[in-house]
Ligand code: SAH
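Quick heads-up: it's one chain on its own, the form predicted on its own, in structure tokens.
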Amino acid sequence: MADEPTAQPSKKLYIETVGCQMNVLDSELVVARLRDDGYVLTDDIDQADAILYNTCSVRQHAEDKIYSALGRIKHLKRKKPELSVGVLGCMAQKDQGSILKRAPHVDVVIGPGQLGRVPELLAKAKADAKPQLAVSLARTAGSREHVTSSFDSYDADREPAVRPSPFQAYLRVMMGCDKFCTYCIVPSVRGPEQSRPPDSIVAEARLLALQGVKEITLIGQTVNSYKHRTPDGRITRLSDLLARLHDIDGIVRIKFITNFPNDMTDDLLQAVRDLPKVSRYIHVPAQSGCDAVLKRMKRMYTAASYDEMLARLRETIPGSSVSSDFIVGFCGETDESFEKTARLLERSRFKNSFIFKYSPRTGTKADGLFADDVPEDVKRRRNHILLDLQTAISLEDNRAFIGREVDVLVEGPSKSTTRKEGWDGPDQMTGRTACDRIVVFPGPESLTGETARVRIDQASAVTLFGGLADGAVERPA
């Protein structure tokens, strides 16, 4: 009798992700593809057969973090020459060969448009005993290179084990960006806007629902720019896509990020208003409140037009919440410029804002065109001023929820160290309202994935605290 074939031992994969939601989703797809190639995830880097870093190039700090990590694992590579090391994503596309010069122990450098080739290139690097480089083609525009080729498409299974929550998942609707803001490296590393076919998006959403996902977040660099045109001329807008996704059984909440102010159309706002599953939460970066700074940023709108968009949004969707992004210390930002930004933040009353100090990025238009002329201590001071102003607004608006009951999609046990006084133990659950406010309340872990009604009795600038209301849990029929 012939011997039974011997099962091949699993290879262990360690992956670390830096950056935006796009990278989180990219890592999930990479893990799914490598799972099919015999890899299993490990959180013990010392036991890994392959170590991958999925990278970000938006800020220098993110790149420095990766180079530090690559330096730390050099000793592992010496002890385990068969270990595979890879750098993936935006930093791989931007820096390409320079990564191999700084970290010659890296085996694969793969840009975001080539991630479907990760298993193939890991195997080739091992077989050929030399590093493999795979990035999207680029053309030179002036002193800058921009990705022009379409991203290689690949149909990877989704991998629930990688998600922070089994009930929540990202769903890409488009790739790339055509806005070319002067401070931003994204078009250079992720290419032009490419909207996915709506049928593919809906099919993937149905798969996620079958996997138990209840909340999907549609992602794109400027997600509300989504527009898919068929060969016969039919156009699907984001509002049309939301209507199709709304009908999928099992999905109870739909979000979409990040938005561009000029593409916040009336049909989209009306879809958010009219479709109950769509979250009343919009993230729409302002970046600055000064027209001169916005022009240097090439944001293509003014502070007044941003105000008009925001007023239209709030009139169309009562009770909605809005968050924003700001860059302080951009080239040429004066005290007067900054004061205009502070006043825009103040009158806009955002739920929260993500505030960053400007840092030049090689390959962006601003780096070659404008001087980084705002001193670091001034950037730091302005950053603190905006943070303090936003914190005060968030606290005041959150306190307005005290005494109200809200529906919360429960995400799981709270990891926050901020606890309501007197609460203790593992029964602290957390979730978010339809307008994306974080809620912490005592309750059993079995509520994870359910919608619970919580009465709010305390608030901080970032969190609402309360207890389960009577008849608090909505379970599927």
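For clarity, every value in this text was computed on a predicted model and none was experimentally measured. Numbering starts at 1 and runs along the sequence shown.
The following text describes the form predicted together with S-adenosyl-L-homocysteine, which does not appear among the structures shown.
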- Assert contact_stretch over 446-454, 430-438, 52-60, 39-47 against S-adenosyl-L-homocysteine in the predicted complex, heavy atom within 4.5 Å, equals 52-60
- Here the chain is shown alone; which of Phe167, Tyr183, Tyr281, Tyr226 has a heavy atom within 4.5 Å of S-adenosyl-L-homocysteine in the predicted complex? Tyr183
- If we test each of Ile327, Leu218, Val108, Val322 for a heavy atom within 4.5 Å of S-adenosyl-L-homocysteine in the predicted complex, the one that passes is Ile327
- Item | S-adenosyl-L-homocysteine contact at Arg299 in the predicted complex, heavy atom, 4.5 Å | yes
- Task: Could you confirm whether Pro285 comes within 4.5 Å of S-adenosyl-L-homocysteine in the predicted complex, counting heavy atoms only?
- Result: yes
- Item | Contact flag, Tyr358 vs S-adenosyl-L-homocysteine in the predicted complex, heavy atom cut 4.5 Å | yes
- Any non-hydrogen atom of Thr316 within 4.5 angstroms of S-adenosyl-L-homocysteine in the predicted complex: no
